[in-house]
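Form predicted alone, single chain, as structure tokens, below.
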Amino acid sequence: MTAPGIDFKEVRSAALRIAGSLIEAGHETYFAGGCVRDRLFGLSPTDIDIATAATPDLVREVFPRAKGVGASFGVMLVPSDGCSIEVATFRSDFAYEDGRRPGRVRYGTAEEDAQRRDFTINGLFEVPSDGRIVDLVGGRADIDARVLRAIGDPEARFEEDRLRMLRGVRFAARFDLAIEPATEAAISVRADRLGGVSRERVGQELRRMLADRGRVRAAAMVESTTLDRTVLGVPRSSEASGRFRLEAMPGSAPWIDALAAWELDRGTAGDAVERLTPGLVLSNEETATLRALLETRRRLQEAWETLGVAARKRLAATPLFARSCDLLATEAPDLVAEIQRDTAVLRSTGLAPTPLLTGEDLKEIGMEAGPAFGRILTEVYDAQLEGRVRGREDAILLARELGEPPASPGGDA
């Protein structure tokens, strides 16, 4: 954990100071986990975690300002020059009681700590002073072979923490690794047990997966292991084929846009909003975005060519218009090119100009407030968008006409 704006060089310097102090105090200490893995894959870590033989009490003796953030798991947060570094005591986990966390832990050795981790690529240690790798689980060989392998018995690893199944797919996709056969088989056999994991945690993993450059491969593996039935709530439609929309999404597309593309590819977009809002614990903003993306894409595909000028301008002025075009372009690039040409013309006369009239204006010209106000203002604004009224006086004249009661049938001969 680091404060916003802290450069990684400062994080590493702080971690080196903390690790050095623990080693000077006589405690075996290493950099551990993701920071070691990322460096070996040629990536820049964002955080550094420290694993040590020192128990929390001993960590606090060396760093009096250290705070326990996972006291029962031996995790301390040590502040240093604007950074906060996690320092965890080597441990061995006992039985997992809820398919997510161990019931209790026992402090142990570096080897025991490595053996209780999930995948070999995450079980590596690094000597802080010189960068030497301490490999007690065969992780270095698996990185070289580009293989994702569970540490020890994969079935036992996934029974301990079922979220590891989804994390394994994310790691394999992110680092372009083949999943070792026994590890992949254990995921497929237990895929339905992911249903017992917090939906919020599942949603967090999926967000990270779809925000990553390896999202297409991740989606394929989620489906091939049948995790999709639990993660997304339904299996892929038997009529769906390929993931061409997801593959064609811009690399910079937000994760929720990638999710919309994937749902369309799967043939399950019809009830996506209602299903995924609780299923992935979407925020109100995420729900609104997913709904707008799918609905705007549908309107563009089905109705753009028949819409009038005002309706096109209203649609083109919506916040997610451009992103919906990107979504539609994955399947109908020619239509989107036409829409963009049309929009350029519409933009020359203003997509969303300030309305010439408001409800207060209608009151000022003697009209009584009522249900008709909304209709009149809408029709006057449509006329403004279409260029049929070009100023306030024209708008007032049209409003008066629209507000006049219809003529009675019949009349004097």
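All values reported here derive from a predicted model rather than from experimental measurement. The first residue of the sequence shown is number 1, and the count goes up from there.
The same protein also exists as the form predicted in complex with a small molecule; that form is not shown, yet it is the one meant from here on.
Heavy atoms of R170 reach within 4.5 Å of the small molecule in the predicted complex, making it an interface residue.
Residue contact check for G34: one or more of its heavy atoms lie within 4.5 Å of the small molecule in the predicted complex.
The closest non-hydrogen atom of R243 lies beyond 4.5 Å of the small molecule in the predicted complex.
Although the partner is absent from this view, R297 stays clear of the small molecule in the predicted complex, with no non-hydrogen atom inside 4.5 angstroms.
Between the small molecule and the residues R312, R149, R266, R164, the one pair within 4.5 Å by heavy atoms in the predicted complex involves R164. Residue in contact with the small molecule in the predicted complex (any heavy atom within 4.5 Å), chosen from R190, R174, R199, R229: R174.
Stretch-level contact check against the small molecule in the predicted complex with heavy atoms at 4.5 Å: of 273 to 281, 301 to 309, 112 to 120, 217 to 225, the positive one is 112 to 120.
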